[in-house]
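Just the one chain here, the form predicted on its own, laid out as structure tokens.
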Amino acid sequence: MPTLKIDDKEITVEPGASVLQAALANGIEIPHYCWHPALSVAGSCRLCLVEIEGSPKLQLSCATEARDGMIVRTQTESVKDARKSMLEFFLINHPLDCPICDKAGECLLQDYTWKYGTSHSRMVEDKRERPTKDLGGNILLYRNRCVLCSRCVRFYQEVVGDPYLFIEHRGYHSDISIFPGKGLTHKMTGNIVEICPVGCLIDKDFLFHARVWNLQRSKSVCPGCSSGCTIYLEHKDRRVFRIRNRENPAIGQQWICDDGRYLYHRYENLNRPESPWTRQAGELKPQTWEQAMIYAVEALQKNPGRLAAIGSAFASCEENYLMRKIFRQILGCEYLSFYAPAIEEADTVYRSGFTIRGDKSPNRKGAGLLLGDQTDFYQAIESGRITRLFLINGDPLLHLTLEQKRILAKLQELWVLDIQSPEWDSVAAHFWPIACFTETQGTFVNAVGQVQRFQRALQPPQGVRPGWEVLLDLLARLAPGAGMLSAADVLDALAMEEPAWRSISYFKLGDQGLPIESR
């Protein structure tokens, strides 16, 4: 492997790595706009110039392969002067609109001008003004801010495999444009806002909603499909304002699709009660959690042979494990299964290999490993095999058909744990409101068997509890001395019982997760 020196620091890198990659991997900042680790080298911004001993002129660090014995300097006067000159060119027509730009606080032009630029401009001419373009979908193109890095153009060509954008004209008149007849309604479009280094490409969904430095960031996993893309939930004031990609090399994930990017809107304004309710004489009567638990402990122990438990592909591994422990190990129920929506579309695979799964549930694999094969519990109810049912859901898009409601109405008793109640108001005997994925923590197993952890971003509303907490409370009442107090404890207990989880814990999972052990 080649060993080189950058600013007198000796560095060993993988063969084929560029000087820029070698520097960034070792904590040496070299400013750059057009280079992106998942895209081809363009070398258009000229900001990453460095001095290499033996070369007669400055070299592009993004396009120069690191070689053994190479001596690189990034802080010489000639390098600093070149950076200042390039930044001055970028700012010739760039408007000074940072106070109203959504990119402020995470803009590379803003950062680099402060670090490497000058405090004044020699340009006295009026700045060029070009109107903002609506590219379709959620994307606005603020043309005055563009530095022509071409990241967005290369993204569609190399990652998506379909060239939606291109650079038209040349020189001073160069401009980002969309091919005729194509609007940016593509499912991967939100990624170009993330990779834009300045405030040129802006997401209408986030426009003027919040300043980025006021947002808190929580690590999570997208529940939109079984790919298990890792994400950041950015939030404040008990509200999620946007979802951003969180790169995960363990699953080769560099991007997220727009289905996942805007998925948090599904969880806004959920219709859920402020406490559990029970049906009495045809009316829905509110209960305290204590009242609901006391009744459930007594009622669930009656006739367990006709009692069934249904987990969910939208519930965490911890919740599905607790369902199994309560109903199989403690109550001795014969019938366990789980809910998962039907897979109605094929996987979509893009040129880069990024995949949007046709399975629109985040934890089908985990639920199957813990609860067994998915079976038709409606048929079991219809045949009389099941007369009482305890069910957890979590799918915000669940819609019960009239036939399903007719079958569920045949049950003697139905407990439902869900994030909203309207679908159950006419059929459930007991409803317990539980937290949605932004308000709880746990783990999912994606389609390729990677166990990944998601963290709580928001506090649940008053009277709403995380599903794992509700089930842990029920378990403690049915079997005192279980010894679990937190979601981490539940995962530890699961790992002790299930060989496939034996190496899994919250601490070991980290940010990237771990593959489940094959049986």
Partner chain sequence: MSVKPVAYQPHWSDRFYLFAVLKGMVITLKHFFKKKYTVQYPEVKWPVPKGHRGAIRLNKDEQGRMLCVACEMCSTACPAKCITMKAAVSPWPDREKYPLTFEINMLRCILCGMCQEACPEKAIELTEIYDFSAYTRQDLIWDRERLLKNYDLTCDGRYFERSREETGL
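Note that the structure is predicted; figures quoted are calculated from it, not measured. Positions refer to the first chain, counted from 1.
Here the subject shifts to the form predicted in complex with its partner chain, a form of this protein not shown in this document.
Here the chain stands by itself, but in the model of the complex one stretch of 245-253, 318-326, 206-214, 263-271, 206-214, has heavy atoms within 4.5 Å of its partner chain. Contact annotation: of the candidates Pro99, Pro180, Gly171, Gly282, the single residue with a non-hydrogen atom within 4.5 angstroms of its partner chain in the model of the complex is Pro99.
None of Trp424, Tyr142, Phe377, Phe90 but one reaches within 4.5 angstroms of its partner chain in the model of the complex through a heavy atom, and that residue is Tyr142.
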